[in-house]
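One chain is shown next in structure tokens, namely the form predicted on its own.
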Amino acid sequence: MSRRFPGYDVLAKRHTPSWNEKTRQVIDQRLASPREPRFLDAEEWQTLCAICDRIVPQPTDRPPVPLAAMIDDKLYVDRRDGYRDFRLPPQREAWRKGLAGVDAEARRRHSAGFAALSASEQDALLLAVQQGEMIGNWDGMPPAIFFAKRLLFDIATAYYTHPTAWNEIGFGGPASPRGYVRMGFDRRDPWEAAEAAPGGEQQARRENARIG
């Protein structure tokens, strides 16, 4: 449950004028994404799960956003962004090279795969990837570019396309067909989430319980 937007559940908008049928279909597909890998092999999957846990540590008081599964699904269907950095290969190839590179670096430094490292060791290794402090490029792919343009981008994008993350930031999803009216600073429409001011958690919870 979001502390900033207590009592708010974006899925309560499902059968209201906030969402049309196309929005419902897209969100249903997103929520129904398979939780097991279909593109990555077992070792790649373990490495990706561990990376996601370090890039976006998630609260333990709610079900986690299935980041690794969402990225694997994107790779499985080969859903591309419509552009890519010229220094990177296509996304499937980039992810395979990147995961192999991270795991190889972990074994070189610690004699163990990335998923088996401690949290601090994983963080240090990812920082080295971000800063390009690797031994050479990964089969011609610059590690720092992979980190910035593929790894970080895909994980953060996946997280904020999931309704669980929308609850945390008070986002109502695509406002179609309803739209937004009050566009001024610090103003919100009645169907937008109420953010809790210090000491105002109960008031925000009551307002959010009425949103639809």
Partner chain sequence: MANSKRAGKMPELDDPQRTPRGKDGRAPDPFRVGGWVPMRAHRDDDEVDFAIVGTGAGGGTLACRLAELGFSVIGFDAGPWWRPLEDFASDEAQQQKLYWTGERVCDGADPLVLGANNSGRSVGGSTVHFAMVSLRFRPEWFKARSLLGYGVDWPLDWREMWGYYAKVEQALKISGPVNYPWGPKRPRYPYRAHELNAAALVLARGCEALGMSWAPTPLATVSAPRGQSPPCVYRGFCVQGCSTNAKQSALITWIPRAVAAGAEIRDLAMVGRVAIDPNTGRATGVHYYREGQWRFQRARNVVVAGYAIETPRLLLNSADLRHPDGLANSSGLVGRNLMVQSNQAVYGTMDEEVRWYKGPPSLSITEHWNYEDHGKDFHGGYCYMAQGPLPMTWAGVVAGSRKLWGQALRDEMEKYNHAVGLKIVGEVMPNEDNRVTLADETDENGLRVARVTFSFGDNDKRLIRHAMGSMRDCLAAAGAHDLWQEDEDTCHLNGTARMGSDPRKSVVDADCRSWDVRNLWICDGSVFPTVGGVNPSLTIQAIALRTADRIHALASRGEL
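Nothing here was measured: the structure is a model prediction, and the numbers come from that model. Positions refer to the first chain, counted from 1.
One more form of this protein exists, namely the form predicted together with its partner chain; it is left out here, but the text below deals with it.
Proximity to its partner chain in the model of the complex holds for all of D81, L126 and R178, with the criterion being a heavy atom within 4.5 Å. Its partner chain is not shown here, and in the model of the complex it never comes within 4.5 Å of any heavy atom of G140. When contacts are judged by a 4.5 Å heavy atom cut-off, A204 does not count as touching its partner chain in the model of the complex. Contact annotation for P174: at least one heavy atom lies within 4.5 Å of its partner chain in the model of the complex. Put simply, V10 is far from its partner chain in the model of the complex: not one heavy atom of it is within 4.5 Å. Annotation for 7-30: interface residues with its partner chain in the model of the complex are N20, K22, T23, V26, I27, R30 [heavy atom within 4.5 Å].
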